[in-house]
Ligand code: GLA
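Quick heads-up: it's one chain on its own, the form predicted alone, in structure tokens.
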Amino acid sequence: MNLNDLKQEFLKRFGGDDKDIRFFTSPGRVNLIGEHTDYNGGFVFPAALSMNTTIVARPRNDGILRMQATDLDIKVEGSLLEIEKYKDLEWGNYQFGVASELMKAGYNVIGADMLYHDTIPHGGGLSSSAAIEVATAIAMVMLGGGQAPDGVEMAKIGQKAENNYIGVNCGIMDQFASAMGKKNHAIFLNCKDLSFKLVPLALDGMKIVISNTNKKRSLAASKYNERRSECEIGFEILKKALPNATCLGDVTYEEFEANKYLIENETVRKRVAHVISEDDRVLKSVEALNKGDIVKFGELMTASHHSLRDLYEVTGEELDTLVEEALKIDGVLGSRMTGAGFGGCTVSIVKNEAVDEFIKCVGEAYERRIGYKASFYVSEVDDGGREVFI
């Protein structure tokens, strides 16, 4: 639906007139390279997608939030004066969490009618929750009389909403990419200090294709904690030789190569080797894209997957199958798993003329080898959260 269609849908659901209706949007994201580096103080390289959450909003003067979604048969209503009551909502708790954190931060948050329209697939690992949080934060600040807010601050508000209100101990990459994305650019983000640079991502004649394994990720949480612990053990060993390092993100590839013998446990050494080499691949990706070398970037993406498969061991048959089959298609520059692993999605850079063949051939091979279908989403790189106008 376009904005005019959404306005009519809003009026049908909420009534009233369109005098004060405004529109806000924020995108989903995909991490192009830099996986399992974030909690090690390393580098990530996400991009905002052309799939997004759009909010049609109209202010109220009674402190009540009324919310609906175009794709859900749910009506949510709650008072800002009773903000702690809504943590367990099936849908709407993220929005109340954002309102709670905005009020704590001193923003003027008022009541509103809000209609949400998502083009981000839920459960596809493309951060639909972060898009909701960032779009909601921007909408609430501006409906309350504020100017267009700082994107980094809105990303932090979204993260705090998940940490404090929802109880999910997420990092900030998803919200950061959703808030700070820029069309035809990726974000080189240092997770240690949130310093960042926008890097040109000139996908002329190419698309980003995201392939979803559709596998339920039952192992992801326990294995995530296990990998995190192994990295912490490895860092404590390296720190004895590198006392100025505060996290694995501070350790260069050369420093690791010179000191990796200190890590006697082979499994721990492999985990650390992935993190250090992955950070190095992100740095090389930035260098390649600044030179316009998309072919080199694709090679680094594929090398990232092999490291996640062989050193970090978080891929699994489904993700490996998608990457293996993708790389058989002429016109694929690179492919890798993205996200936590053990299911979820891959991301591939595919020439426009090969996209249809990619979806057909990879889809057929995946179903033949795995026994059920994958899902495919084609996207471009778009701007971050903002107000939009008809």
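Residues carry their position along the shown sequence, with the first being 1. No experiment lies behind these values; they were computed from the predicted model shown.
Omitted from view is the form predicted in complex with the named molecule, to which the following refers.
Of the candidate stretches 168-176, 283-291, 142-150, 297-305, only 168-176 has residues whose heavy atoms lie within 4.5 Å of the named molecule in the predicted complex. In the predicted complex, residue 36 approaches the named molecule with a heavy atom inside 4.5 Å. Although the partner is absent from this view, residue 339 contacts the named molecule in the predicted complex, with a non-hydrogen atom inside 4.5 angstroms.
Contact check for residue 253: no non-hydrogen atom falls within 4.5 Å of the named molecule in the predicted complex. When the named molecule is considered in the predicted complex, residue 224 lines it closely, a heavy atom lying within 4.5 Å. Taking the named molecule as it sits in the predicted complex, the stretch 83-113 never comes within 4.5 angstroms of it through any non-hydrogen atom.
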